[in-house]
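The chain that follows stands alone, in the form predicted on its own, written as structure tokens.
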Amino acid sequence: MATVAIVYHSGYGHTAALADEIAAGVKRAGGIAEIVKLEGAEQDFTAALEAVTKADAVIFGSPTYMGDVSVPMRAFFVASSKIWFTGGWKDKLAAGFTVGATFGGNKDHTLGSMWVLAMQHGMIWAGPGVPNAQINRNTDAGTNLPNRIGSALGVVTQADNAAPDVTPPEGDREFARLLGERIAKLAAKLK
């Protein structure tokens, strides 16, 4: 049984909703999900850093703000330099997810920032492994398809300007659950 730390910041609740779905996917795979919410850039990150260190894998999550991770997530990344000096996260499995109001919005750059951090630490990055939903155009499922935006680097989702219990849509939520499930299974194999 693998433990997966889900470290995220959520400005309006949509990223938090996805973190919960990822945790459900981890549990669906028989893993233990440890959800770690970042509150702000000035907080003490000690507990969050320790959660990642103790876990078998980590999934980073951030809304995409101005084409990149949020300021609290960036501050967490900087705080992880203490661990980088010791190689404490080397060979740990990592993945990422993001959400924003538009379909584009440079969400790939947000995931790229997470990926670069993982590479700096010598971690092993895993994408979601879910085919682009556009391949299945013979269906009328629309927003009910996982990976409807078509990301291979991580989970990319879109949320309308509505409450987190309404959006992101079900397909995006299942995409998040599938990532949690995949990372928990991979972490168990690596363990």
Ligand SMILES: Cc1cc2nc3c(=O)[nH]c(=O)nc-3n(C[C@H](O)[C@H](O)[C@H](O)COP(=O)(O)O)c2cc1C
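Please read all numbers here as calculations on a predicted model, not as lab measurements. Numbers for residues come from their place in the sequence shown, where the first is 1.
What follows is about the form predicted together with the ligand, which we do not show.
- This chain lacks the partner; the member of L145, A159, A29, L38 within 4.5 angstroms of the ligand in the predicted bound form by a non-hydrogen atom is A159.
- Residues with any non-hydrogen atom within 4.5 angstroms of the ligand in the predicted bound form fall in just one of 125-133, 147-155, 44-52, 62-70: 62-70.
- In the predicted bound form, at least one heavy atom of V99 sits within 4.5 Å of a heavy atom of the ligand.
- Contact check for R177: every heavy atom lies farther than 4.5 Å from the ligand in the predicted bound form.
- Using a 4.5 angstroms limit between non-hydrogen atoms, R173 is distant from the ligand in the predicted bound form.
- At a distance threshold of 4.5 angstroms between non-hydrogen atoms, G105 is in contact with the ligand in the predicted bound form.
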